[in-house]
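In the form predicted on its own, a lone chain appears below as structure tokens.
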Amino acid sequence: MISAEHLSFSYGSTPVIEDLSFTLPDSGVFRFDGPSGCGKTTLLRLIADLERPNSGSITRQPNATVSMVFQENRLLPWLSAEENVAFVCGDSLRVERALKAVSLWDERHKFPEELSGGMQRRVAIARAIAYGGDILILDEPFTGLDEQLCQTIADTIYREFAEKLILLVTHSEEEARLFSPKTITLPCPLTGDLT
């Protein structure tokens, strides 16, 4: 379970989240929806413990692990596709399965600069799949990918993260439908009780 109590966060003097409270269960697929700039990515970063709130608290189950696909691919340019995925997962079979799931096993020895933008995106997704975890956070995960590939990858994510918690942000209704999520419409600014 993830629980936020009176959560507030600002960038400098600009408030992004003010007195926000919510509770999410241990499993299921939830989409945070709202206008651009309302703080969806900031909220995901707070959940992932990549940002600290100015006040209030956000808690997860003890020892819960988080895997995240960021808006940016964040690949290490000096590592091959296979090595980028292996960087978070020492299990060679999991690495192979993850790269095959995104149809990149044949490109595994290529470096990021040798891959198209869509291929780099798929490496970032494969890295999250290989890492696993209790919570998967997807921030605009399918940017630059074609519809058929999105469906295949979504199916893989469903299998790999069955009975886990998946949090999704996407502006694409087509992508959202791949996951059949429960949608949480966020107020702008982010404030109040979402539960």
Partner chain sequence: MSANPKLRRILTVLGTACFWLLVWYLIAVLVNQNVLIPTPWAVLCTMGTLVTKPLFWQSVGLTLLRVCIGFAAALAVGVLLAALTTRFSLLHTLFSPVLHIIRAAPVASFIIITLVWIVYDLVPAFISFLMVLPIVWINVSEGIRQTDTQLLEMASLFRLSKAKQIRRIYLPSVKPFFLTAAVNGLSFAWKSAVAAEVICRPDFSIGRQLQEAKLYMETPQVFAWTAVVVILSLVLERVLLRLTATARSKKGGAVHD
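What you see is a predicted model; the values in this text were computed from it and never measured. Positions refer to the first chain, counted from 1.
Absent from the display: the form predicted in complex with the partner chain. The rest refers to it.
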Does each of Leu50, Leu75 and Tyr131 have at least one heavy atom within 4.5 Å of the partner chain in the predicted bound form?
yes
Applying a 4.5 Å heavy atom distance criterion, does Val102 contact the partner chain in the predicted bound form?
no
Can any non-hydrogen atom of Lys40 be found within 4.5 angstroms of the partner chain in the predicted bound form?
no
Taking heavy atoms only, is Val88 within 4.5 angstroms of the partner chain in the predicted bound form?
yes
Please run the contact check for Phe30 against the partner chain in the predicted bound form: heavy atoms, 4.5 angstroms, yes or no?
no
Using a 4.5 Å heavy atom cut-off, which of 147-155, 166-174, 22-30, 58-66 contacts the partner chain in the predicted bound form?
58-66
For the stretch 90-124, return the residues whose heavy atoms include at least one within 4.5 Å of the partner chain in the predicted bound form, in the order they occur.
Gly90, Ser92, Val95, Phe111, Glu113
